[in-house]
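Heads up, the chain below is alone and in the form predicted alone; it's given as structure tokens.
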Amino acid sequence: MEFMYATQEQFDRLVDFKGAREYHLSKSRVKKDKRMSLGEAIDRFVQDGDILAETGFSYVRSPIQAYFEIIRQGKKNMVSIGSPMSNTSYLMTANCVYAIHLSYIGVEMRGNDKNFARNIKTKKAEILSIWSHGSMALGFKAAQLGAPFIGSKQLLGSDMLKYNPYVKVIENPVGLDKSEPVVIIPALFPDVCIIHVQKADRYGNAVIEGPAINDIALAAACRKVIITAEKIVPEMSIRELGNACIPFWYVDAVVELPYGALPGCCPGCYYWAREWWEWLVRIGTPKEENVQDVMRYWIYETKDQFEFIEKLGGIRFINHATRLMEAAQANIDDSLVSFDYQEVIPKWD
């Protein structure tokens, strides 16, 4: 196959079962303190040319502040994969990501991401393969299980089979009716993922509150795993509850990063900045220069999540976002909590 930007080695590495297995077997299982700063974690474990797997669910418990640090450090020549993968759009604009394995990019509640469409149409980035949510999830699950592939009915009857060179259709080799077709979905092994969680200990045992999406499978599938956490808790507090869903031996770095999912939301912690997303999608994405202005102001001219919060409104914003999340989860009396806000509606001449 020929690509505009991706190398054949990058394309093959995603499904390199033997190579990924050897890499995972070579990783140390020693329980040690893995805490470090966000800058150090990105510098050490996110490399140019890596296959980066998006985690969380678009803007829900996604490590958005870590993605901003990737942009600040100028990582480049990366390939992105994820289900969903809405944050890839601005990573493409920042020249960090230049090729993607696409499942879904969208922000329907806010509008259409014209920036993503423009990057593809102008050939600033390329699509290497197209997946459904479920088929990509099965690829990550196969990697977690140590299986080279999973047979599924996913993708049958869709045109995605034409645009996915990794999958194969065969006759079902088992069962009563062996003439029925099945799709062979290979195990997928991205190079690195960053998973934002509510709690973790210093060794990397991590607790996800709310839907885990693909993150548990990705922790096992990816060669390198960075955990960013709202707070670092004592190991025994996780042991006593037995609620860790990501064990320490998968994890390479642990970063204490309160508000690390902003301007998205983190279940149990804070609601998202809805106006921010509407400004980005409805006003920022239609023009390249608008996106660049947004990135300059919100990413390059902030050094961390606290400076970002100051621009959002400081302690007043955090207090309101916290109350909205508590009300949404019925943890406080919500009779005086309003979810109303000023919708951002562009008025074009």
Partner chain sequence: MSKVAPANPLEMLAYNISLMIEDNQIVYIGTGLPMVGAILAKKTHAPNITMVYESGGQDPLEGEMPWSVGCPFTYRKSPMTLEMAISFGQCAIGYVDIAFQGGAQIDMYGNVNTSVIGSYENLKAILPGSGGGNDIGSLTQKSVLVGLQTPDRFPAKVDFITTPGYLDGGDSREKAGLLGGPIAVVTQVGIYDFEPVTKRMRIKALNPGMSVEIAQACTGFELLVPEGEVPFIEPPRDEVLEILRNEVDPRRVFTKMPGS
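Numbering follows the first chain given and starts at 1. Note that the coordinates shown come from a computational prediction; the quantities given were computed from them, not determined experimentally.
As for the form predicted together with its partner chain, it is not shown, yet the points below apply to it.
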Within 4.5 Å of its partner chain in the model of the complex by heavy atoms, the stretch out of 255 to 263, 73 to 81, 146 to 154, 87 to 95 is 146 to 154
query: Candidate spot 135, 327 and 339, all three in 4.5 Å heavy atom range of its partner chain in the model of the complex?
result: yes
The one residue among 192, 105, 99, 229 placing a heavy atom within 4.5 Å of its partner chain in the model of the complex is 105
Answer key, its partner chain contact in the model of the complex at 4.5 Å (heavy atoms) among 60, 283, 294, 318: the residue is 60
Task: Touches its partner chain in the model of the complex: residue 211 (any heavy atom, 4.5 Å) - done: yes
Is there a non-hydrogen atom of residue 130 within 4.5 angstroms of a non-hydrogen atom of its partner chain in the model of the complex? yes
Item to complete: With heavy atoms only and a cut-off of 4.5 Å, decide whether residue 181 touches its partner chain in the model of the complex.
Response: yes
| said: Does any part of residue 217 reach within 4.5 Å of its partner chain in the model of the complex? Heavy atoms only, please. | reply: yes
